[in-house]
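Here's a solo chain for you in structure tokens, the form predicted alone.
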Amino acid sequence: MGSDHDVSRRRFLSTAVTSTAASLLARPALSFAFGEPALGLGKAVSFETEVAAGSISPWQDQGVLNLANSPYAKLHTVPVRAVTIEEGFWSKRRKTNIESSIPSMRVELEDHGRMDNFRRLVGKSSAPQKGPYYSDSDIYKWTEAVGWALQSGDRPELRSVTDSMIREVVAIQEPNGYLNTYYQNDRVPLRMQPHEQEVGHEMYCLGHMLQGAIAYYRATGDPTLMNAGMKFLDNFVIPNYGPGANQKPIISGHPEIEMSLIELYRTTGKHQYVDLAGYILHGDERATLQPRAIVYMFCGIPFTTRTKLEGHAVRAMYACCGATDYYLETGDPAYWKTLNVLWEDLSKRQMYITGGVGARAQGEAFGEPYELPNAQAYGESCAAIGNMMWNWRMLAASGEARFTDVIERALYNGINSGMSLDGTTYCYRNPLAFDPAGYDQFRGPNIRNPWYDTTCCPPNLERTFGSLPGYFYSTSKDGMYVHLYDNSVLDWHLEDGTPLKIQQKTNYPWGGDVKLTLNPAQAKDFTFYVRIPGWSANARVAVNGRTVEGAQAGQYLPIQRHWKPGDVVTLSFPITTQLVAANPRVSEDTARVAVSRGPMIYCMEGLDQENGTALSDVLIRISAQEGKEFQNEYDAKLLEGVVVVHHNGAAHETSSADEGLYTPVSSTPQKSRPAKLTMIPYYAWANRQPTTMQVWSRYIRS
């Protein structure tokens, strides 16, 4: 399509009305009564629904996204509570999250005044305002993490603490609905002023408030925080900001509100939230924005005019999430076209091998195409999470495994690296090479820290691990999809209501064999879609011991049959250690290779190398043995249990640090000596003493 820059606001609104009408015709009739926009504290919400094709899911049956009535979703989510992750790879992470990370982060939030910011406004604290202007969002992301965690099992003490915090939050809400601790007292005149909309994060904080409220509501049925968010929208935002003649312009500044508005619509049935999200995504032409702000914020112009990822990486990922949500509700083809153009840019020119995104520290931003530095890589944890969230939505819209491959790559590597193994320290940035000697003169050699004044990443990681069971499966009209592999039990149903249990037994990701036992309540015809990971060549699939043909790497294999209780699907993904090269245009990785094993990316840490070999001098040896140069060993005592990769590589005899800065080119190869190299999964780096680390290494052929 041509440029949409010249689309008028009036024309956009006309189009939006038509699109809304079409989407309403496409979806089941829905009558929803949610009570007044702002109910009294703790007052129960009355749901009254009539759906032509059956009842809408009650609150406890809604997934990470509630796509039950999204007309353009090919896949529909299952609730977090429907999947129990048993002892295995992710169970350790989730246990640490609930027992260590979430409780310790609450203490950090208290110690750094995040709750005092609320208490001081009702006379319960004399502490001054602390933290940046977006600090309220820290509380909301933490609340969301609690909400998802509670869906895997009730924890009365944690719920009691969170209930108390929510009551302190809503206690400061003004009669007009406004709720933001930073824009109080002498800052009241600044609220939603044009410049503040660009930099002040008011809509960003509201968006995280809504997401935290929805997750907590889906866990507990308590609408207190969600009611406050709706009051903010219904009484303050919607009457004053938007397309009307008496309304003021609105931009998101930091995209986040868009996807939260649409998820609120999915929860309440109030379509004005979709309309507002669409208006924000389109951009308000009355807002005067500098070109650099439009690039950096990734908002302010029609989303459908975007042709590449640029600017602040988290903003771009969140904007893409909101735009995909908008497509799932409206089916606007211009959005789907743009989303695929941007995804191609992401996967071919802008994504690290770890699934991380964001090359530049300056502006926490995307760089030019193929600009993927290693030591200078920013790779903010929030951006990797945004990458996963966006691909989850693209998967729901398409059912295509290419999106799940990115989810898996980001989850196991660029996201998992963000939290320490003990769950108390975090990486804000996730580089692919590191030297503690020159890292940070202010913080010292530790890239992991328990607190950042901009503390978006820690609770973001916590909400991701809390919601993880909701990413394992999806339903479709014709059956069930399995996306991720780990020891687990699904207890859910097909879309026709037939109860279905699925048990996974596996040693994934260390081993590639998976056993899935299906137990429908009664024998039933449906299709079971199993994902063949993109990294897996020569995958084998069998049902009850009989081979199923057609498995292709990077695709879902549909198995359509008459399923009976006790049927067993076995998957075999041969896991070998592989060498990976980057596109030649990635200049930092020229003449270098990375090591992968299954979904894992590996790195070297200096402390593991023999004789003090410097990582800058190591060489990966490439031979005709096709991977046999590597030996794998599971070490249960190292880094909470990992497969360690050993390699008979080499190292330069003369350290590069001893050479001159510039020397004449010689036709004689630099001499090297044998060196046994040791590699660990990238996610586990920086969990021991400070040391050097690198993912990409030079190589020699032998």
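None of these values were measured; they are calculated from a predicted model. Numbers for residues come from their place in the sequence shown, where the first is 1.
The form predicted in complex with a small molecule is left out here; the points below concern that form.
Out of the listed residues Arg218, Arg463, Arg409, His254, His254 is the one that sits within 4.5 Å of the small molecule in the predicted bound form by at least one heavy atom. When you look in the predicted bound form, the only residue of His201, Arg266, Arg114, Arg393 with a non-hydrogen atom within 4.5 Å of the small molecule is His201. Checking 453-461, 171-179, 563-571, 118-126 against the small molecule in the predicted bound form, the stretch whose residues place heavy atoms within 4.5 Å of it is 453-461. Using a 4.5 angstroms limit between non-hydrogen atoms, His312 touches the small molecule in the predicted bound form. Residue contact check for Asp589: none of its heavy atoms lie within 4.5 Å of the small molecule in the predicted bound form. At a distance threshold of 4.5 angstroms between non-hydrogen atoms, Phe472 is out of contact with the small molecule in the predicted bound form. For Tyr508, no non-hydrogen atom is located within 4.5 Å of the small molecule in the predicted bound form, even though that partner is not displayed. When contacts are defined as a non-hydrogen atom within 4.5 Å, all of Tyr134, Glu380 and Tyr428 contact the small molecule in the predicted bound form.
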